[in-house]
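Just one chain is shown here, as structure tokens, and it is the form predicted on its own.
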């Protein structure tokens, strides 16, 4: 038996605002940051669990405090008990009634729970000697269903339906796992599209994206319609007619404004419009989806929990579902979101970028392919070429595809030297 002896939390911030990396219509100067934790045990193997919440600067200390508020659920606990039933562990954390009151199941505490859950999965995968995607993808349908909390969801999907989805994917699992290793998983890149980049940099990065094998790029929009038209014209002329161009408004518009704006951008053959309005506005997204068709609406990176995903799917308010590795309460909740997407027949194209999000979320797409939907059709993972060098297992992306990692764990472990160098000292807090 081993026990958890320490929880180490760190406020890590990278000064990405200096180069306007990550800039968009709602977030002009982000500093990519991680509220980071290590779960340390007294086990002889010395293995640790690493997890984090992604933020964009100020408030990262608040997120760290949220993680620290969960220490009472972890310190001194039997590691085997926690890891042996990750469904029960998830429920224990999410249903702490006093902490849940702060949401419920949304915001700082829900994201903090996600960091803890992801760190525990990192430790579980390391102990199994497997990358997280293989650990999850090789679980039995019954084991996968046990991970899921179906409260509030049974009007959309029941445990029996979930079990059927998992069982239907069992034939061909080994072949799909090998297919990932042989041919990777489709990617698209947002690297050319930050709103703060000038026209020359936009065109250069578009050319580089095509040369690197990406079949889709994404541009931020929503600041000024004439600027958007000019930038999309540059991008389309640079990449040609065969490369898909998606757009992302980062929650900028009201409903009718989104419809009117996208009608003016439609001549550029838009692959999707992402986050056109408030991420909580189910009916608004549904109205936009009808108003901008045939351009699909993509959203999900800021949805607070599985219930929001359920409602968006029930209302036909999205055509592309975008999970995020650190917005909801970790791996378990993302698995049920994958199930919901499979039930409603909607493709999943995860949000990534940031710091460490590519490293984490790739595992969830691989699990979707191997053990849930069984398909890569119409699916791709976002890629942004920032900050990967700070991780022990940086993503491997080339020829426009993600290539699955084989290092045991979740991929979320940051190098100790990077954690030390970019720790945000309390004396500097603003």
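Positions refer to the first chain, counted from 1. What you see is a predicted model, and the numbers here were worked out from it, not measured in a lab.
From this point on, the text means the form predicted in complex with another copy of the chain, which you will not see here.
Only one of 41-49, 397-405, 373-381, 64-72 places residue heavy atoms within 4.5 angstroms of another copy of the chain in the model of the complex, namely 64-72. The shortest heavy atom separation between residue 238 and another copy of the chain in the model of the complex exceeds 4.5 Å. Contact annotation for residue 176: none of its heavy atoms lies within 4.5 Å of another copy of the chain in the model of the complex. Among residues of the shown chain, residue 392 is not one whose heavy atoms approach another copy of the chain to within 4.5 Å in the model of the complex.
A residue is said to contact a partner when one of its heavy atoms sits within 4.5 Å of a partner heavy atom; residue 214 fails this definition for another copy of the chain in the model of the complex, lying far away. Contact with another copy of the chain in the model of the complex, defined as a heavy atom within 4.5 Å, holds for exactly one of 230, 290, 151, 264, namely 151.
The contact with another copy of the chain in the model of the complex, taken as any heavy atom within 4.5 Å, belongs to 103 out of 103, 319, 223, 186. Residues 26, 57 and 314 are all found to lie within 4.5 Å of another copy of the chain in the model of the complex, as judged by heavy atom distances. Although another copy of the chain is not shown here, in the model of the complex the stretch 234-271 places heavy atoms of 251, 252, 253, 254, 255 within 4.5 Å of it, in sequence order.
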